Structures are given as C-alpha cells and as structure tokens.
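A lone chain, given as structure tokens: the form predicted on its own.
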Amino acid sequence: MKHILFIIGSLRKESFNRQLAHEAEKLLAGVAEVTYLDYTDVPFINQDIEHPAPAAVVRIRETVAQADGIWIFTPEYNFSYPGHLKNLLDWLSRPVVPNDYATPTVINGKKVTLSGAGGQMATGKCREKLTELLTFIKADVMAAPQTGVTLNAEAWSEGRMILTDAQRTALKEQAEAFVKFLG
C-alpha cells in the first residue's frame, strides 16, 4: 500500500483545505495510507541555522523521505501560495549535507499533486505558481488532474465546506490518478 503525505497550506485547525484533505483521505481509504505533516514548529529558513539542521527540519525531511508521494492542499494568498508553505518547501529543497549540491534533496523526484479550496479563482493562480516552484526544486508534479474548489457563501459564513457532486467527482478522479501516478 502506498504512503501519501498530506501537507495543508493553511495553519488554521479547521481550515477549508484541511476539510478538503479529509474528504480526499476518505477516498483513499483501503488504497493508500495517509498521514498529515505537522510543520508548525519549522523555523524560517536561515543559512545561519542550516547546518546542523534544526530538529524540526530533520523530522520533516525524514517524514517526506519516507512518503511515496505528497498531496498539497492549499489556499491562495494574494495570487500565490502561503509564506509558511514556501518556507517548508525551501527547507526541503536545501542540501542535507553542507555544500553538497550533487546529492538529491528529499523533495527531488518526489511525486506531488495539488488541490485547493478558496475564492472565485479556486486557487488556480496558487496551484500554477506552486507547480512552477515544485518543478524548479525537482519534484515530480502531476500536472493534471488537479482539484480547485470555489467555496460558496455558506462555507465562508458557517466555516464548513460542502462539496458539490462535481467537486467530489473531481477529487475522486484526482485521488485515483495520483495513486496510478505513484506506480
């Protein structure tokens, strides 16, 4: 059974993207093992503390290395991805051994898929820029299908996401495609 690591781009405990991840987790039941990455204790990247890496960075690198694939669920912040998610990816893109740029990083070659729940653009710009960043740091991004969810007015006022049948179908198709992508 494949192991998929879920990374939530929102730090809010009951974020819409965490809710979306829970829906995806249900779709993967019996097909893949799902775990969630807690990266709330990862410090801002800083070359002064890069080597030896902080304990939180060592932990997330080990967790990412053990996963067969990564599924990122993220909101869109000002036409882009959240800063804390970028910080996480920056740490994952750095050499584990000081000044060793020849050895692959833990994100290098890692299979990744993207989803997001947000406003009218359904996180399209965020997923586009995140694909560009992940490709640059040598992750293996599944370009399609991706799932973008436009939240309705009730979601914003009640704090809970209710997927339409079409959104649920899109998420199911992405889950199935990602499992195949993992090989």
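These numbers were taken from a predicted model, which means no experiment stands behind them. Heads up: residue numbers just count along the shown sequence, starting at 1.
There is another form of the same protein, the form predicted in complex with a small molecule; it is not shown, and what comes next is about it.
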For this session: Considering the small molecule in the model of the complex, find the one stretch among 129-137, 40-48, 113-121, 27-35 with heavy atoms no farther than 4.5 Å from it.
Result: 113-121
For this session: Mark residue 15 yes when one of its heavy atoms lies within 4.5 Å of a heavy atom of the small molecule in the model of the complex, and no otherwise.
Result: yes
For this session: Give a yes/no on whether residue 99 approaches the small molecule to within 4.5 Å in the model of the complex, heavy atoms considered.
Result: no
For this session: State yes or no: in the model of the complex, is some non-hydrogen atom of residue 10 no more than 4.5 angstroms from a non-hydrogen atom of the small molecule?
Result: yes
Exercise. Within a 4.5 Å heavy atom cut-off, is residue 103 in contact with the small molecule in the model of the complex?
Worked result: no
